[in-house]
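Below you will find one chain, with nothing else, as structure tokens; this is the form predicted alone, and questions on how it binds or moves follow later.
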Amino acid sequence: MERVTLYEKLAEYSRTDYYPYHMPGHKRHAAGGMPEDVLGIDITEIGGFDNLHQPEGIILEGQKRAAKLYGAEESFYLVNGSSCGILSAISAAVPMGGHILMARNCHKSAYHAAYLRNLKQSFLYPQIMDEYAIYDALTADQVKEGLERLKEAGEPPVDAVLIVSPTYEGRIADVKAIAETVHGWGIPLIVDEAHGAHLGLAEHFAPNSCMQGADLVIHSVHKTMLSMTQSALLHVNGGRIDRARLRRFLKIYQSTSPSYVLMASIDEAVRQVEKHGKEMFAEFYRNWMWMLERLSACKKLKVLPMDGMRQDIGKLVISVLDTGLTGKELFDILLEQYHLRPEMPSMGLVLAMFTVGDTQEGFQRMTDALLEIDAKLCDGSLSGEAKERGWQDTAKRLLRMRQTSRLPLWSAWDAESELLPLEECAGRAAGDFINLYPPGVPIIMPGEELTAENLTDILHCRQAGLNVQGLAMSEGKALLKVLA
């Protein structure tokens, strides 16, 4: 007998005559422009619908089904997104004041966890794929070298290792080898797999990190699966993580009024894979390979190809490094002339994301647009500002930044600071994060020394129209917070 899903139970309840003398305030009726079919299933914790912070019924059943799907020992619904999962994972794995070895291309939520827990941070820098100006995935050898380097330098013992796989651009690590290396040091491996909620679910996909031995794995179900924004999963495996401690931090970082709509969305995403995953993913794979084959004809634009299990399906990385365009210029052309809205631009590329939710029309329109733009670049009828303004190397330099930290993050972010014009900040220590959003990976973090080259590249990003977070504006001047 097929189980009743959380959504089905909510929908059934919305059709009853029970009057809600409880939250939420809209009382399950249409409010403003919000439709009643959504608000009708938006409830609080009432009898028969379980409680996220102590699940014993339908929510627990859903979490168990998610764990089974991903090959995890235990899974938890997240309604505060993957950011909440990363905060909880790091807090559970690393004691207050402990030491974490983490990839420098981690999402800013990992840095927030380090700040909240007063952690010492040491960094792993992935290799750079120069042709695309992106980080490659970390390797087991790099992790091993990082651990050995810290031990030889007499640094405090590392309590956990955190990596990102897939990266924002879809580079996949050999998590099995990294897990074996990390476990050899007696410590847990955390994998921010936010962009890989589809991994391990189909024949042509790389295995997910639960299947590869990671202790804690975070999935954004909304990023690459059929779930609503802000919905995610946290998986735990093995005995290296104190699960009671993990639950404690989930209660701290998650809302005490979790959205049943979001939880139902996670449950439905899992059920769709269970029932229709084989057909959905097969069609997705066919469309993806058809598009990549056609785009291989581009002469100016460079599209990152599939690379066995090293490159993730669905991440269309379009390099503009040899075109004279910036990523923002290509992004704007796709948006304004073709009505296509990619995920993000950076100085040297545009990233477009494809999932099982994309139609054949979506693949066709992007393919046709990029082939037409490439033809215009080849015949000279399209040009940009990158070469003329000296921005072509900015993308690569941003990845090669190796700042000196004057203060640890947890101390620097609370230290006394002042706002100065950007051009006057060389030699000072940053008082706030600077990052491009998306992807939300810090270029500079509080306490790190600012160089003239850093500041020039940050200014180039702003001039190119990228979303640079961490700068303030006054009378047309960019200001930066620096330590006093």
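A residue's number is simply how far along the shown sequence it sits, counting from 1. None of these values were measured; they are calculated from a predicted model.
The same protein has a further form, the form predicted together with a small molecule, not shown here; the description that follows concerns it.
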| query | Exactly one of K120, R271, K328, H107 has a non-hydrogen atom within 4.5 Å of the small molecule in the predicted complex; which residue is it? | reply | H107
| query | Of L199, V164, V161, M263, which residue is found within 4.5 angstroms of the small molecule in the predicted complex when only non-hydrogen atoms are counted? | reply | V164
| field | the small molecule in the predicted complex: contacting segment from 364-372, 214-222, 398-406, 174-182, heavy atom within 4.5 Å | value | 214-222
| field | F354 within 4.5 Å of the small molecule in the predicted complex, heavy atoms | value | no
| field | Partner proximity in the predicted complex: Q392 to the small molecule, non-hydrogen atom cutoff 4.5 Å | value | no
| task | Flag A194 as yes or no: does it have a non-hydrogen atom within 4.5 angstroms of any non-hydrogen atom of the small molecule in the predicted complex? | result | yes
| Taking the shortest heavy atom distance, is Y168 within 4.5 Å of the small molecule in the predicted complex? | yes
